[in-house]
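Before any questions on binding or motion, here is one chain by itself as structure tokens, the form predicted alone.
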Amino acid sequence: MGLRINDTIPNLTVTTDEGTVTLHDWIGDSWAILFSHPKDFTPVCTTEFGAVAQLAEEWAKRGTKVMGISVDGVEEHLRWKKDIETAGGAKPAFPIVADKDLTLSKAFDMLPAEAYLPEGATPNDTATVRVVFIIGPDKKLKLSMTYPMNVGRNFAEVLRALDALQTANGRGVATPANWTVGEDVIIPLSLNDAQAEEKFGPFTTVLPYLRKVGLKG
């Protein structure tokens, strides 16, 4: 059985270019994003790591830690970070897991249990290691997105999804399509109209099962 939404993530101890960490301890009381890559020194992945580095202040504002994952080793990661900074114009001040034995990739259901790295492995050997995981302070998986190797990830959407998750989980609401911070949210069906008004104040009924309200504060 693979990792599914609301599953507790495996509490692995992993080696990174910043030392050895245990995932649950590293997350602590924060939100966390793990973003995985099939190999160092690849063009699309380099631009993605650069994008993550550029957003350092945005992750901090949201109380969110970020960690990269790649199937190469620590020495490769340290050299790659220099390229990432050159390409992205920002220092990648986050750890990258050295998942050479594929332990994390398999535990997070990115690769089958029998997968291995052949001699002279290429990105095609680990192509499915192209996933974004958003994890809550409760150590549960909140969202995952999987991308092919030839399409760069949209980290503006990752930020938007993180905002939506933090709002939905923190305020007991849902968010509509394309929602961004400050827009109306959806009142859950678990509340009847009287309960909804008591909790949120006046709201707009679009359909009997679709009620929207602006959040205060």
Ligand code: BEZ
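Note that residue numbering follows the sequence shown and begins at 1. This structure is a prediction, so every number in the text was calculated from the model and none was measured.
One more form of this protein, predicted together with the named molecule, exists but is not displayed; see below.
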Heavy atom within 4.5 Å of the named molecule in the model of the complex, from candidates 44, 55, 185, 164, belongs to 44
Assert contact residue (the named molecule, in the model of the complex, non-hydrogen atom within 4.5 Å, options 142, 130, 106, 81) equals 130
Worksheet item: Hey, in the model of the complex, does residue 149 get a heavy atom within 4.5 angstroms of the named molecule?
Response: yes
Taking any heavy atom pair closer than or equal to 4.5 Å as contact, tell me whether residue 38 reaches the named molecule in the model of the complex.
yes
Only one of 165-173, 44-52, 27-35, 62-70 has residues with a heavy atom within 4.5 Å of the named molecule in the model of the complex, and that stretch is 44-52
